[in-house]
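Before any questions on how it binds or moves, here is one chain, the form predicted on its own, in structure tokens.
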């Protein structure tokens, strides 16, 4: 029997029922920003000598290039080692422990480096009771720790976030009683964002949401702190991306562990591979080669300069955003290339590999049709259509060098589908 035929055969009534449950969990989740805390205080399993990074779990010796460098730089920033060589030795000997972000309820942008002192957004799904975390956007410079760069400027930026930005934002969030993120995301889609590679509207909406609390804080003597926070927000169009990622992580985790469901609940990249996790297959990661990409690079760079150093911001795609809402964000043409017609075409293809349409994430260009949500591994294998992903690209010498549209590898979906067939065989008639 062909792979396509197998995929179609195994899309049986029990699987469709399970996928409906997963779909309902994805669309009914209500992610709310409830707090901002140091990772070491709130992230499960986080210890003072733990560093989290993107991707399915790897041994220290398997990391290379920019992702390996970023982990070492995280150790230097946290004061776990005085030199890169010392950090390498401690990582090799287990004195510094590397963990995967997803295993700790987190999600990472590019290399996704978390250390214990770094502040994280705490996002609770008030519908299902689960919690997710994401660290902060570092600013508009293309040279950032999550892109494998570390120098005095990067270190100063991280300390600014830790000691100046995070505290005032936390006070504003607490005074606001928490910030429901889903309404902001829904509105931002109607204003030209897709919540992965474009977050201009959502960042503006978030700043507006905090304005009453900011006014109160300024009246209470924190005028300078509020001014500093607003200045950073106004200069950082991508600030909301990390909130979108935390919201998507909390939402996707709500759909985990539905017995019999073939819906994807996570997609991740390391320096070695692209991996997915499936609702009905527990915590197992299914891996394939690194993604293909159509990109627009910054001046002076070529495709030979691209280096994969991790990435999990495409958690947004698993919940119907990012590449699954490209047609809401035609402004991305200037950033990642392509055309409006091609973006709409790719977006429409995603309806063929998903379980349903999102009732709240609406795309104006499609007549306010809901975005495709609930990636079904069986449909991916049956059609040969893979998820499309919007994303930034890292360079061999660190830093962001461009952006583009990524295509997930079919191999990881085929591997997951084979495992799914073994676990959930069709009952004989």
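Not measured: the values here are computed from a predicted model. Numbering follows the first chain given and starts at 1.
Keep in mind that the form predicted in complex with a further copy of the same chain is missing from the display, and what follows is about it.
A.B. asks: Would residue 214 show up as a contact with a further copy of the same chain in the predicted bound form if we use heavy atoms at 4.5 Å?
C.D. replies: Taking the distances in the predicted bound form, the answer for residue 214 is yes, it comes within 4.5 Å of a further copy of the same chain.
A.B. asks: Is there any non-hydrogen atom of residue 333 lying within 4.5 Å of a further copy of the same chain in the predicted bound form?
C.D. replies: Residue 333: yes, in contact with a further copy of the same chain in the predicted bound form.
A.B. asks: Residue 198 near a further copy of the same chain in the predicted bound form, any heavy atom under 4.5 Å?
C.D. replies: Yes, residue 198 lies within 4.5 Å of a further copy of the same chain in the predicted bound form.
A.B. asks: Just to confirm, residue 306 within 4.5 Å of a further copy of the same chain in the predicted bound form by heavy atoms?
C.D. replies: Contact with a further copy of the same chain, no.
A.B. asks: Heavy atom within 4.5 Å of a further copy of the same chain in the predicted bound form: which of 257, 220, 294, 348?
C.D. replies: In short, 220.
A.B. asks: Scan 161, 98, 205, 179 and let me know which has any heavy atom within 4.5 Å of a further copy of the same chain in the predicted bound form.
C.D. replies: None of the other options qualify; the answer is 205.
A.B. asks: Report yes if all three of 230, 365 and 368 come within 4.5 Å of a further copy of the same chain in the predicted bound form by some heavy atom, otherwise no.
C.D. replies: Yes, because 230, 365 and 368 each have a heavy atom that approaches a further copy of the same chain to within 4.5 Å in the predicted bound form.
A.B. asks: Counting only non-hydrogen atoms, which stretch in 306-314, 77-85, 262-270, 234-242 is within 4.5 Å of a further copy of the same chain in the predicted bound form?
C.D. replies: Result of the contact check: 234-242.
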